[in-house]
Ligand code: NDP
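Below you'll find only one chain, the form predicted alone, shown as structure tokens.
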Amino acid sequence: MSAAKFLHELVGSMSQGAAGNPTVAMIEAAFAHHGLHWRYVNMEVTPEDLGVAVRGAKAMGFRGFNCSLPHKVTVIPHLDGLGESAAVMGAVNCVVRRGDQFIGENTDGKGFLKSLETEIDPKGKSVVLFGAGGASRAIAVELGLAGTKRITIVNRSEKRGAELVTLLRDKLKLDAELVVWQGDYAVPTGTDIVINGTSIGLYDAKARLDLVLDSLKSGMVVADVIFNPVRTRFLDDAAAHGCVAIDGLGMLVNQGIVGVEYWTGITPDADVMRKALESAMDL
């Protein structure tokens, strides 16, 4: 294989503090399983060097790259265009070469949506979403694009929650409302899907979401973005009330699947990727 061809089959991850990224093992496992002579390379890029790094990746023929905080917004001026959801939410975590252009996409919400759709089609459904940060923003936009009927954002910061609700109303014409989160929140009757989009529970299996547990009804689909621990207290509480529980590891795996699809055109084996991710995370 020539050097030029090898470089043409590189993708990467640009972050500030890139060490120990378990996504590398997951994506490289997909490449190996499907016989692709590709590499997924971690690269630590400082904010001041981001533009140079993007131009370098394009010059070397990278098929694309992921980018994490603090680059999800600041990478946009260095790209040639944005996909639909990335343009709505104003954030990019996946860059894809299309012809001679680098196009910014966002797989955060897409990964969640693919995981959610294993249990329920969100079209026409009523959703309660805890949080208004980056993950919640991406999820809410993808749910809106998928035809969700109504989204209630439950957030402690009224300002941040209102910003997300305004975005959903103005850009997606979505029926969205904000509930300022004070004390235990009771999920309204008729809710189909309940999502924890906050960091509550990350690395803490005992962390409790401020929620009236009896408001969780049998048949509701309850999902968590937390992937470590895989089984959060929120999911255990929901399952005990007869809800269908979806863990955050599925979202992480599906983000990787969407990225590989963007870069290669191949839909990778989800089981292979999940096993590699679990091994990398010692789960």
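Note that residue numbering follows the sequence shown and begins at 1. Note that this is a predicted model, so its numbers are computed, not measured.
FYI, the form predicted together with this ligand isn't displayed, but the following is about it.
- Put simply, residue 248 is close to this ligand in the model of the complex: some heavy atom of it is within 4.5 Å.
- In the model of the complex, at least one heavy atom of residue 225 sits within 4.5 Å of this ligand.
- Using a 4.5 angstroms threshold between heavy atoms, residue 197 counts as touching this ligand in the model of the complex.
- Proximity of residue 131 to this ligand in the model of the complex falls within the 4.5 Å heavy atom cutoff.
- Though this ligand is absent from this view, in the model of the complex it lies within 4.5 Å of a heavy atom of just one residue from 114, 150, 97, 160, which is 160.
- With the partner removed from view, the residue among 30, 252, 235, 45 that has a non-hydrogen atom within 4.5 Å of this ligand in the model of the complex turns out to be 252.
- With this ligand left out of view, the stretch that reaches within 4.5 Å of it through heavy atoms in the model of the complex is, among 186-194, 79-87, 199-207, 140-148, 199-207.
- In the model of the complex, the residues of 136-164 lying within 4.5 Å of this ligand by at least one heavy atom are, in order, 136, 155, 156, 157, 160.
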